[in-house]
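Okay, so here's just one chain, in structure tokens, the form predicted alone.
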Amino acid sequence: MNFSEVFKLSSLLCKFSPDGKYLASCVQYRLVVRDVNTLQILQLYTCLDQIQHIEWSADSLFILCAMYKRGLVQVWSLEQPEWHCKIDEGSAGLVASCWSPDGRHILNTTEFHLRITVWSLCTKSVSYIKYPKACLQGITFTRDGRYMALAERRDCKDYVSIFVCSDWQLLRHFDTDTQDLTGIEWAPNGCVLAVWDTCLEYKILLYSLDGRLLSTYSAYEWSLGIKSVAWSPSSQFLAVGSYDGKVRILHHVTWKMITEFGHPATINDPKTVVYKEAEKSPQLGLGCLSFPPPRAGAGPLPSSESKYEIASVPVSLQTLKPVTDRANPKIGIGMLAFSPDSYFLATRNDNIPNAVWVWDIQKLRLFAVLEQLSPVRTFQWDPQQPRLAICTGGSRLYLWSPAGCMSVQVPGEGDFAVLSLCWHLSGDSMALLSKDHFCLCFLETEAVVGTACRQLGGHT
């Protein structure tokens, strides 16, 4: 495993292009585009204000920079560096900006969600979509780029409109049986749209492309409900994370629950492998000792390392006592993600913040638990294989695969606090992001798996 040099970064804005050739990063009002292989700067663009959002077009030919405070969007071309576009929403303001799947239209959401403006880069035409709903996830595109679903709110009722992306014509418009719609998400195959309600009302609805209600699911009443939702890449399963600390798996044939996964504070099943991160201090050779001993504050001591140990069940996990009388209590399933082959599901229960749970979806059982020394900030699957990368805001990167797991110290002067990460589409590298810097981590698949197997005795 190798690491690149460290580069400057602002606001965790760093993204690989969809074709995997480029890496875009922001430093305040500058956009830097690098070649992924050499990390040489290909283009350096200067925006009119500090950049708050960046996004590649699907064909990797354009990149937009949104400056929400100024109500501005600037678009840059990689093929024609002298060409650029500026979109000014003026007094309407700007709260969100994204590409359409064709990479030639930009959708800007104005302040107070009064409307969505669709700007065409080809014809310079402008069209408007009224009544977008201010919710967590109100716009979703099918993976083939043909259709867009939009959550709307009008006359105190929730609706969903489905548009054809080629000409932005309305295809379907229907009301949803929700009190306060919170999110919508297409299945990867584009056949089913999931719609879920506010956390105060446990309800998830499944609609077909023509607006027919296929099924409604509710696990319980009179308590906080849905917190997170994720489709499996195969579109066969829909995982619903709830505030009661359980994940419920719905199957695509009946849309009924086939199982539920609990997240107890004590692991008792002997078939579950529990990995605990443990500190280990580096061994000091005689060459590292100084006589007399150094004075306090004379210099940094060798940084501690960490490793994973396999714990014997029963294992008690560190829990966090939630403050339930405040908004957004730290309870329930706040993160969940399927592996690219749909074999595994990774989850985090917010009141057991140091643990990542990995579930075997084929056998519908808990496969492994990783308990970190610090709360888990994020995790993300390798796009090509069932390999999970985890960061906790410290200077280490953690990797899990069915072969085992490992802890890797990120080199560099001082502590490089990994706050977020993103994989390259090849799975051969990833970008590690800290508050003010980023670096690339290059992985060799065989080396990583081999090291993990040696470290853990080849446990599977």
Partner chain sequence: MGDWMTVTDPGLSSESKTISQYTSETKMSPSSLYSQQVLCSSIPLSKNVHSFFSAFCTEDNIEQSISYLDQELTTFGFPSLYEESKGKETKRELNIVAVLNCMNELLVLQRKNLLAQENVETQNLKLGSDMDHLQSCYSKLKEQLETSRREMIGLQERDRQLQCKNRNLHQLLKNEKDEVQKLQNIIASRATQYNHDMKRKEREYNKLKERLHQLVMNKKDKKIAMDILNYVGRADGKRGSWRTGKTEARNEDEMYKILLNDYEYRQKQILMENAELKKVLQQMKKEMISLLSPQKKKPRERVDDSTGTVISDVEEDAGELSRESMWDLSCETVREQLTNSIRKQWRILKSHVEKLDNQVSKVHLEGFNDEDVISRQDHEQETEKLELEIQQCKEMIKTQQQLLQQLATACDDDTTSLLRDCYLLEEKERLKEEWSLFKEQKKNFERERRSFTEAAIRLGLERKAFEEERASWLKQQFLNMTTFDHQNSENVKLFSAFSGSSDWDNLIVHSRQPQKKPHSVSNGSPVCMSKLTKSLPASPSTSDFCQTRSCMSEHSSINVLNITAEEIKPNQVGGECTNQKWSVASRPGSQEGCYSGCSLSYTNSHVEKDDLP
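Positions refer to the first chain, counted from 1. Quick caveat: nothing in here was measured; it's all calculated off a predicted structure.
What follows is about the form predicted in complex with the partner chain, which we do not show.
- Kindly confirm or deny that Ser120, Asp155 and Arg212 each have some heavy atom within 4.5 angstroms of the partner chain in the predicted bound form. Verified in the predicted bound form; spot residues all in contact, yes.
- [ ] Using a 4.5 Å heavy atom cut-off, indicate which stretch of 329-337, 142-150, 310-318, 351-359 touches the partner chain in the predicted bound form.
- [x] The contacting stretch here is 142-150.
**Contact test in the predicted bound form: Lys256 vs the partner chain, heavy atoms, 4.5 Å** = Flag for Lys256 set to no.
Can you tell me whether Phe367 touches the partner chain? I mean in the predicted bound form, with a 4.5 angstroms heavy atom cut-off. No.
Please check if Thr324 has a heavy atom lying within 4.5 Å of any heavy atom of the partner chain in the predicted bound form. Thr324: no contact with the partner chain in the predicted bound form.
| query | Using 4.5 Å between non-hydrogen atoms, is Gln137 touching the partner chain in the predicted bound form? | reply | Contact check for Gln137: no, nothing within 4.5 Å of the partner chain in the predicted bound form.
_Partner-contacting position among Ala265, Ala278, Val95, Leu171 - heavy atom within 4.5 Å of the partner chain in the predicted bound form_ = The residue from Ala265, Ala278, Val95, Leu171 that makes the contact is Leu171.
To verify the annotation, which of these, Ser374, Thr216, Gln384, Asn189, has a non-hydrogen atom within 4.5 Å of the partner chain in the predicted bound form? Only one listed residue qualifies here, and that residue is Asn189.
In the predicted bound form, which residues of 376-407 put a heavy atom within 4.5 Å of the partner chain?
Nothing in the stretch sits within 4.5 Å of the partner.
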